[in-house]
Structures are given as structure tokens and as C-alpha cells.
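You are given C-alpha cells for the same protein chain in two forms, set apart as structure 1 and structure 2.
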Structure 1
Amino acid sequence: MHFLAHKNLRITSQRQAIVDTVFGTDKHFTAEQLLEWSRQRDKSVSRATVYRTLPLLTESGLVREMDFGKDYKFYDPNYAEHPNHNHIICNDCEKIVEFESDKIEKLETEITRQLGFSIKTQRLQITGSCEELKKLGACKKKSGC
């Protein structure tokens, strides 16, 4: 069943274009990028609708909102399949690498329980230098994701 129908929401062409865009990429994206990409599918998508649709996706757990300290947010379409994955971000080129670790997960769960909490979500972000930055002192390309 369509996740919009599941929430008793109408399947409009704009929402469909946005959802298709999200499911059609494995890159992290910003609201602005999502607008641009969605408009390639449907010119009528507006910025407001993108901003109104994004919370629907995050509430449903299909997309994860992420904050890397920039003044805009990033969204991770790879969340539903890997809800506990972590991120390493290069300080210079901003390349993002994902990884998962059962060992870290277990430690998190254990420590959280010891402190009287039960765990709902976790986010681990590591920043550092990618190989290029380490070797050359700077990265050539400023990649997004």
C-alpha cells in the first residue's frame, strides 16, 4: 500500500514526483536539491510542497533527517533498510561514507539500559580526513555526498 494512502493522504502528482525522486536515489540530499530533482519529473512541484512532504517521509521512517552542522538539513534516503547506520564526513570535501557496526550497537544498547533509558534512535557522526585530504592536505573536488 502506498505510504501516503496509509496515512489517509491524497496521492497528488507533486507528492508522487517527490516520493519517486527520493526512492530513485541513494544519495543524501537537501530540501533544495529535492526540489530541483522533483521538478525534473514534474514542473509543478513547489518549494512549499517539498517542505510539506519531507516531514511525512521522516515520520514514516522512510527518510532520515540529518544535521551536519550546516545551516540547512540533509536527508538520507537509505534509512529504512539501515536504520542504525553511521556517517563519516570528510572535513574538506564533505564526502560522506556510511558504515554499520553491530559491536557499537550492542554497546549503545547496554550502556543506555544501565543509565535507566530504553533506546529509540541513535546517531553517530564522525568527522575527519579522507585519504586525499591526509595525503595532499586538501581535496580536489568539493563533493556533495
Structure 2
Amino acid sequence: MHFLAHKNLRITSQRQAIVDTVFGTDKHFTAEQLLEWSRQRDKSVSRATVYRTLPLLTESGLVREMDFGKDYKFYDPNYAEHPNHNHIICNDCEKIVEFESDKIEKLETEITRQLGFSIKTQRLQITGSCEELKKLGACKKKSGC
């Protein structure tokens, strides 16, 4: 909550519920999912407060906004703990899986060194279909997203 105080913003019960919700999950989420989950903690949480708080969380570096080519953004609550992790996203059910790889990290270092750069941030995003689609011919989660 230091980032809110630094911006001279009041720590309201709504903001507290939103922040507690964000850092109480390890799942990626959309703004609408965050609204739903936050309202389970505090029924008074408004959509406007969620949409005003998310940019503060991303600006602070505690949460990462991710664009997967949808009409809405996803947010990564694990960004601060693991800033260099990568994502695989199912095109069908929007399942998001995080992974880290020493091989990828080594390759990134090698490429940036060859090209005369130093790594500041990196982002690898792979899209595909999850195993459920392969096994069943359709992802049963697709209609639920």
C-alpha cells in the first residue's frame, strides 16, 4: 500500500479489498475477474475503483499488464516475484501457464551480447491449444471463458 500513499491516495476499504485480492491469488486475471473476486471480500467495490487501481498497480511494478490480442487485458500478479518468466496461452480456454527456462535465458543473453545490447526486460509469449483440446478434440472450458 506504500505505492498508494506515495501518490497521496487514500487507502479506502475498496482499494484494500482490491489489493488484498490481487496479492491473494497466483492466477492471472482480467479487470472483470478482479472486480468479481474483490466483491467477494467487500460488496461495495466498484468497477471504477478497480479500473483506477489497476494502472497504479502496474505503474508500481507489482503487477504486469499483458496483451494477448483480446479485447481486454490480463494481469499477472507474480510479476514482481518472477520478472523474467514466460507464458503459454491456450487460444481456446485462455488457460495461462507460466514457465522459466535457463536455456531461453542463456540464448537471450547470447543474442543481446552479439547485437551489443544488455537485457532490461524480456517477454516470451507462446499461444497454442492446451492438451485437453488434443485429447478430446475440443476444450470444454472454451464456452466458460
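Residues are numbered by position in structure 1's sequence, first residue being 1. Every value quoted in this text rests on a predicted model; they were computed, and no experiment measured them. The term rigid core refers to the maximal set of C-alpha atoms that superpose within 1.5 Å between the two forms.
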| item | value |
| --- | --- |
| Structure that is the form predicted on its own (1 or 2) | 2 |
| After superposing on the core, C-alpha shift for D102 between structure 1 and structure 2 in angstrom | 4.0 |
